[in-house]
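Heads up, the chain below is alone and in the form predicted alone; it's given as structure tokens.
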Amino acid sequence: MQETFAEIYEAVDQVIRRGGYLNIVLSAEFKHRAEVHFVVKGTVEHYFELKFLIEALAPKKVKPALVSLLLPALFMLKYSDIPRFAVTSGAVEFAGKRFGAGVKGFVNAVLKNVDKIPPLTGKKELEARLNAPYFLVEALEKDGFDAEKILRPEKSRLVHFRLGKKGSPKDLEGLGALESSEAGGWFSEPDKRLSALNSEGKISFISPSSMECVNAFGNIAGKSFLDVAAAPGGKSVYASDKGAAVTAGDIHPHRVELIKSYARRTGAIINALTNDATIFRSDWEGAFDCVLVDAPCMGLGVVGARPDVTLNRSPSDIETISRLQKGILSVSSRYVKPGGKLVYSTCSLLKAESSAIISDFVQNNDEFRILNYKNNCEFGRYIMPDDRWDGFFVSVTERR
């Protein structure tokens, strides 16, 4: 159990205390892979509940490094079939080795008293149930959304993928329960053959919502296409497969390498380069038929796949991110040719990050007009999260 606890602790600590992305942290190699994935993901999905338990059980503030041990230990006690004595003794012994013998009694007392805590009520109960800070719940409800449906979306075993230019319908023969999606891809039960086809570049795993960001441009064959915040590259590769001449940028060099790797695997031809989307480039002015701004956002539409997006958030984040989005959109709009299209998308549903951004943009840029691509609001289309689709906002405009 000691080895397992060590791996679990390091992974949880990276996500909770050091701000690592859950999907990237779990992509590492683990000796006890199944146990680590179950406990770490479960700990993140129940973070607020477990945090409140620690606050109730510990009379004094607990050092953040020790919290990263108590969180998964409490998760295992509440949500796993591992014998209680094994969890408690394993956590206590690991704590002694990692933090010194002096903490063993404290860890033992916390874990043994977990069942004595009364049920949570009020705001704490809501935060624990939805695994999000109250200000986000309040913001979603104020915008007219059902916060529970967004923050606790239905889950499905189905995966979504599309055929790449290396693949053909024959590659899908023998796969059971295939169902076509509105976006042009396929839903399927998980299958090892799909993983192999993905490795060979014949298919790409991509959400239907992400595909709709590219579909919103219409026919892009032969057109110049700029993806200003492209990593890891799924939308750029899809645009290339649809016949566009694609330029893909990202501010981080290591993320540009992700785009290049994606393109190599699938055979897509993409000009991927490091670029700060907030800084205007004169050589790109009026140079592109299509510009995609899939902006950095709070990510509330993808909580089902990324439960860590609600962690370590503060109310000021909404204003900070919306200001960044406005800046990127303003700069990127200058790259669109007259008659060209600009698509703004986010995997978040907060109006401050979605319709309010476009409303402000068109009011201050009268050379752009909103086009209709399955619009269900004045400024674009909200795709609500469910067991198959991620939550997205997509708006397409045209430069006159």
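We number the residues from 1 along the sequence you see. Note that this is a predicted model, so its numbers are computed, not measured.
Missing here is the form predicted together with a small molecule; even so, the following discussion is about that form.
Student: Given a 4.5 Å cut-off on heavy atoms, tell me which of 221-229, 165-173, 114-122, 149-157 is the interface stretch with the small molecule in the model of the complex.
Tutor: Correct option: 221-229.
Student: The small molecule isn't shown here, but in the model of the complex which of K97, H252, K142, R323 has a heavy atom within 4.5 Å of it?
Tutor: Spelling it out, the residue with a heavy atom inside the cut-off is H252.
Student: Looking at D294, E212, D308, E127 here, can you tell me which has any non-hydrogen atom within 4.5 angstroms of the small molecule in the model of the complex?
Tutor: Only one listed residue qualifies here, and that residue is D294.
Student: I'd like to check something about S80: if you look in the model of the complex, is any of its heavy atoms closer than or equal to 4.5 Å to a heavy atom of the small molecule?
Tutor: S80: no contact with the small molecule in the model of the complex.
Student: Please run the contact check for G233 against the small molecule in the model of the complex: heavy atoms, 4.5 angstroms, yes or no?
Tutor: Although the small molecule is absent here, G233 would touch it in the model of the complex, with heavy atoms inside 4.5 Å.
Student: Could you tell me if T278 has a non-hydrogen atom within 4.5 Å of the small molecule in the model of the complex?
Tutor: Result yes; T278 sits at the interface with the small molecule in the model of the complex.
Student: Residue-level question: is I328 within 4.5 Å of the small molecule in the model of the complex, judged on heavy atoms?
Tutor: Residue-level check for I328: yes, a contact with the small molecule.
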